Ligand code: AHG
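Okay, here we've got a single chain as structure tokens, the form predicted on its own, with questions on binding and movement later.
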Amino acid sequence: MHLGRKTLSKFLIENVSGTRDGAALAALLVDVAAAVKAIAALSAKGALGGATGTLDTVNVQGETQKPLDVLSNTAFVNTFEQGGLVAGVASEEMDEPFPIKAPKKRGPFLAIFDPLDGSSNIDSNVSVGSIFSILHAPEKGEPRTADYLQPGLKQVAAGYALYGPATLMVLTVGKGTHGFTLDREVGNFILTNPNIEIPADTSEFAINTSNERFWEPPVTRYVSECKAGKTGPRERDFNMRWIASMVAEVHRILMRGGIFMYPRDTKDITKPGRLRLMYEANPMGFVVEQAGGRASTGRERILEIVPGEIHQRVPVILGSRNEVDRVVQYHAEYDAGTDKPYESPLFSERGLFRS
């Protein structure tokens, strides 16, 4: 029992009552929690529940689907269709958004979600997660794709679930970022991390360095300085992390600080970025900013981007505000032609390899 501990339902009643459609938003987030519980149960079974392996299907993103991708998407879609609290749904796993049609009841919101982030980790039993974003639906008429294309600043709620040793749900309704842990014995999410604050400074960065040869110079400069440690211009050692699950990366940053980077690169020049604005960057940007962090593409604030399409991709740099601000500064200096790329002492004028 958790006598005196605040449940998700009680938290929502206290924090969204009195706002526009507050009661409906609270009920909708409780529905999201129900979908999270279902996915947590499926992921916990692993191969016993048929969640591992791959399918012969490819989603709209061009990614080979895992069984748990499809099962998670179905769990969310069924929850939203039956809940009567949304007018339309958009998923990273589906080609287009779809409206809720009669005889099913429609509500005042639009739900956007990535049902299973980091699914490449499933077979290795590494943490995966779900990401969700809630927007207001148009007051009249059936929602069209254009109605979903709202900048991240318009989100009324966003968050993620992490399926790890414990199942966690972290969310914001625009009043800070808060973490809830699932008590599996009673089936309730309990507030365990109220008012999360990301430290402004950090000595930890997360990036896939196998793509280093494709990075833009500002990112190469930043990472080179971090790797130089105490002997470099930062004058301190940094640790590098990479899990290949945005949910796991962001959660670690929320708990202890850090910077996560999936920057623009030249590996595929047809893609201006790798992560989806609507399903990943916007909700995570909202969560991070509400915890005192920053979220940028390197050149603009993520939450201010006006989406042009539902599956739009963008570069993502988020986390501890002073480090994100530094990367943004490096992009500005590069674009202005005033940058000073870091050069290792080994190869400088006084280096061992001077000719």
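Each residue number is its position in the shown sequence, starting from 1. As the structure is a computational prediction, the values presented were derived from the model and not from experiment.
This next part talks about the form predicted in complex with the ligand, which is not shown.
A.B. asks: Go through 87, 246, 75, 223 and name the one with a heavy atom inside 4.5 Å of the ligand in the predicted bound form.
C.D. replies: Residue within 4.5 Å of the partner: 246.
A.B. asks: Though the ligand is not shown, can you say which of 148, 205, 215, 262 has a heavy atom within 4.5 Å of it in the predicted bound form?
C.D. replies: It is 262 that has a heavy atom within 4.5 Å of the partner.
A.B. asks: Give a yes or no for residue 116: in the predicted bound form, does one of its heavy atoms lie within 4.5 Å of a heavy atom belonging to the ligand?
C.D. replies: Yes, residue 116 sits close enough to the ligand in the predicted bound form that at least one of its heavy atoms falls within 4.5 Å.
A.B. asks: State yes or no: in the predicted bound form, is some non-hydrogen atom of residue 234 no more than 4.5 angstroms from a non-hydrogen atom of the ligand?
C.D. replies: Residue-level check for residue 234: no, no contact with the ligand.
A.B. asks: Look up in the predicted bound form whether residue 178 has a non-hydrogen atom within 4.5 angstroms of the ligand, and give yes or no.
C.D. replies: Residue 178 lies outside the contact set for the ligand.
A.B. asks: With the cut-off set at 4.5 Å between non-hydrogen atoms, does residue 98 touch the ligand in the predicted bound form?
C.D. replies: Result no; residue 98 lies far from the ligand in the predicted bound form.
A.B. asks: Which is the contacting stretch out of 79 to 87, 170 to 178, 135 to 143, 267 to 275, given heavy atoms within 4.5 Å of the ligand in the predicted bound form?
C.D. replies: Selected stretch: 267 to 275.
A.B. asks: Is the ligand in the predicted bound form close enough to 92, 242 and 280 that every residue in that trio has a heavy atom within 4.5 angstroms of it?
C.D. replies: Every residue of the spot touches the ligand in the predicted bound form.
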